[in-house]
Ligand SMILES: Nc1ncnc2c1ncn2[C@@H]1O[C@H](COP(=O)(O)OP(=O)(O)OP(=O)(O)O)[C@@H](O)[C@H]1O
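Starting off, we have a lone chain in the form predicted on its own, written out as structure tokens.
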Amino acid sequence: MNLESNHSAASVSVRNLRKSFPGSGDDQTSRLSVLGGIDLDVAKGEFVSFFGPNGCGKTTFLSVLSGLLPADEGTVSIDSAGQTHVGVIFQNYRESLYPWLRNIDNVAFPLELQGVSRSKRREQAQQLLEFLGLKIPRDGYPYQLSGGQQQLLSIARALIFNAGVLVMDEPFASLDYSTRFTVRDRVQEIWTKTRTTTLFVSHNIEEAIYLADRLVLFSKKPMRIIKEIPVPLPRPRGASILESEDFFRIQVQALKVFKEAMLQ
């Protein structure tokens, strides 16, 4: 599977995106504003990380962007050369995999929904796993895999139908500390091979910077963008870059802006 030549990454344009939910209490007319008017442009093939306080609306933003929730106002435009699919990687990856399906069939499942024959979709799934360098037993089941392997299986499933945009909502949160490092670097390798436009939410500022071309900082609810910080660090990145002056400078800048915004 030659994703390098066939894959079509997409650009993303968000304008004045707003979303609210019914408020609590007796007042049935009250609304809780979650997204307070977001404008964002993401270039084709760009890896953008999002960082913000707990409960600020990051998951809501990704859900609206990927079409899982409707917006109250504003637009999301995804532009590519052909039909664009958005692949979503959830935090609860164990629940998103189908335990009754073999690993290869979990990866191939989106193709089954498209009516691709079993032999053809299994062949494509195997080619994708080989292309991505994922050594996952094709005839095993998800419960037999480690947490890191299960998350990588979810990523492969999202890429099987040539997703133009990959949305990752805190994908490493359920992984243990050491596994996070391993999977983080595998995600970097996969992105380097596919150049899929990637939108990545993390509560770990170090992790967010490590993977990103650009870091976007969010405010408290109603969520707005408070700062966009370029991350012009060389790739591929390894653990040593975390000790570099350039990485430290970006991290200090981001934390300074974030802390000032939280005091407002």
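Heads up: residue numbers just count along the shown sequence, starting at 1. Only a predicted model underlies this, so the values are computations on that prediction, with no experimental measurement involved.
Just so you know, the form predicted in complex with this ligand exists too; it's not on screen, but the next bit is about it.
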Next item on the list: Scan Ala43, Leu68, Ala239, Leu32 and let me know which has any heavy atom within 4.5 Å of this ligand in the model of the complex.
Entry: Leu32
Next item on the list: Find the only residue in Ile226, Ile229, Ile205, Cys56 having a heavy atom within 4.5 Å of this ligand in the model of the complex.
Entry: Cys56
Next item on the list: Counting only non-hydrogen atoms, choose the one of 59 to 67, 191 to 199, 208 to 216, 231 to 239 that falls within 4.5 Å of this ligand in the model of the complex.
Entry: 59 to 67
Margin query: Although the partner isn't part of this model, could you tell me whether Glu123 comes within 4.5 Å of this ligand in the model of the complex, counting any heavy atom of the residue?
Written below: no
Checklist line | this ligand contact at Phe248 in the model of the complex, heavy atom, 4.5 Å | finding: no
Next item on the list: Indicate whether this ligand has at least one heavy atom within 4.5 Å of a heavy atom of Lys221 in the model of the complex.
Entry: yes
Next item on the list: May I ask you to check whether Glu170 falls inside a 4.5 Å heavy atom distance of this ligand in the model of the complex?
Entry: yes
